[in-house]
Structures are given as structure tokens and as C-alpha cells.
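Next comes just one chain, in C-alpha cells: the form predicted on its own.
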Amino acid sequence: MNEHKPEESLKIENIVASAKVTESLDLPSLASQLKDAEYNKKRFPGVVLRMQDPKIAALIFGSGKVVLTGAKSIDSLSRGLEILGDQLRALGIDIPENLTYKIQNIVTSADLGTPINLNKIAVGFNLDKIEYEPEQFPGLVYRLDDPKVVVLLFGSGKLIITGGKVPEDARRAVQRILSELSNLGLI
């Protein structure tokens, strides 16, 4: 294989996390007071707040729960939650000083740096763990148990890793796939 290191091509595309910021929120009042907030109860049961820096959307629910989506790093996720907490406190809402979140999903892309033969992989990999129906979807779906992620492999050598809880999950998944492809003589 050439000097391309697939682990170095890893790029976080999206992080989805949830947080509980308070016991309950008055959504119509919140939507009218927060700049860049949208609330249309018929379309979505929460307030959508789009931040520009970091570029994150916060989905705010009446239960006091928040879903943050669109973050490209753990750092921007943390900053987004801090900014949201500050904005809610500025409206006089009782919000704890140190908010914590739980990561629900990290989507990461990677590139093996070489085209791969999905038909041969479909035959060589553990059949219980893969789905490959090229007439339905051009990628091979590979479900790993450790780390517990789903990897989409494309003939171009590009990968999408989803279901991660920490950034390291994607790195481990790529290392494992490289090892399995190498063992099968496919790269």
C-alpha cells in the first residue's frame, strides 16, 4: 500500500449529543426571546436554535432536554452547549453552571486511499455482520461489535463510520477493517 494512512483521513462530520438543562421550558416564550430561534409546533415539537459559531443546531424541548447536532468536534460541541446555557441564563432561566452532555452518535468519514472490491469483501467478511445489495445501495454495510459501530464501505475506498460514542471508535473501526482486508489479501 502507498504512503496514505487511512487513520489520518478520519474526519468527524457530525456529532449528536443530548443534555438536560432544566426541568421545563416555556417554548413559545423562549422562541420569541432567543435570536435565530424557530418554533413551529405543527412541524416540530421543539424550538430550533441555529448557532453560527460553532455551527450547531440546538433542538430545545419543553421537558428541558436539548439535542445538539452538527458539531464537527468535541470542543465545538462543548462550546455550543456553553453558549446555549449562557443564552438561557440571560433570559433568567435557572440553568446549572456546568452543563454536561451525552454523545449519542458520532459520524466520521475516512478514506482507505485505494479502490476496494465490495463483491470480494461481501464474500470474505462475516456474513452475519454485512449487508450488500448493490442494486439497492452502492455501499456495503458492515456492523462491528467492537467498537460497536456501523461502517459503510464504498468501492472508491471511502468509508462512513456511524454509531460511535467517542472519536476513538472510528479510528479503531478503520484499523480493524484494514486488518481484515489485509488478511483477506484485498488491499
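All residue numbers are counted from 1 along the displayed sequence. Everything quoted here is computed from the prediction, not taken from an experiment.
If you look for the form predicted together with the DNA, you will not find it shown, but the lines that follow are about it.
How about residue 76 - does it come within 4.5 Å of the DNA in the predicted complex, if we only consider non-hydrogen atoms? Answer no; every heavy atom of residue 76 is more than 4.5 Å from the DNA in the predicted complex.
Please determine whether residue 93 contacts the DNA in the predicted complex, using a 4.5 Å cut-off between heavy atoms. No, residue 93 sits far enough from the DNA in the predicted complex that none of its heavy atoms falls within 4.5 Å.
With the partner left out here, check for me: in the predicted complex, does some heavy atom of residue 167 sit within 4.5 Å of the DNA? Looking in the predicted complex, residue contacts with the DNA do not include residue 167, since no heavy atom lies within 4.5 Å.
Non-hydrogen atom contact residue 107 with the DNA in the predicted complex at 4.5 angstroms: So residue 107 counts as contacting the DNA.
Contact residue in the predicted complex, from 70, 54, 147, 124 (heavy atom within 4.5 Å of the DNA): By the 4.5 Å criterion, the partner-contacting residue is 70.
Within 4.5 Å of the DNA in the predicted complex, do we find a heavy atom from each of 18, 141 and 158? Verified in the predicted complex; spot residues all in contact, yes.
Within 4.5 Å of the DNA in the predicted complex: residues from 50-65 (heavy atom criterion): Contacting residues: 50, 55, 57, 59, 61, 63, 65.
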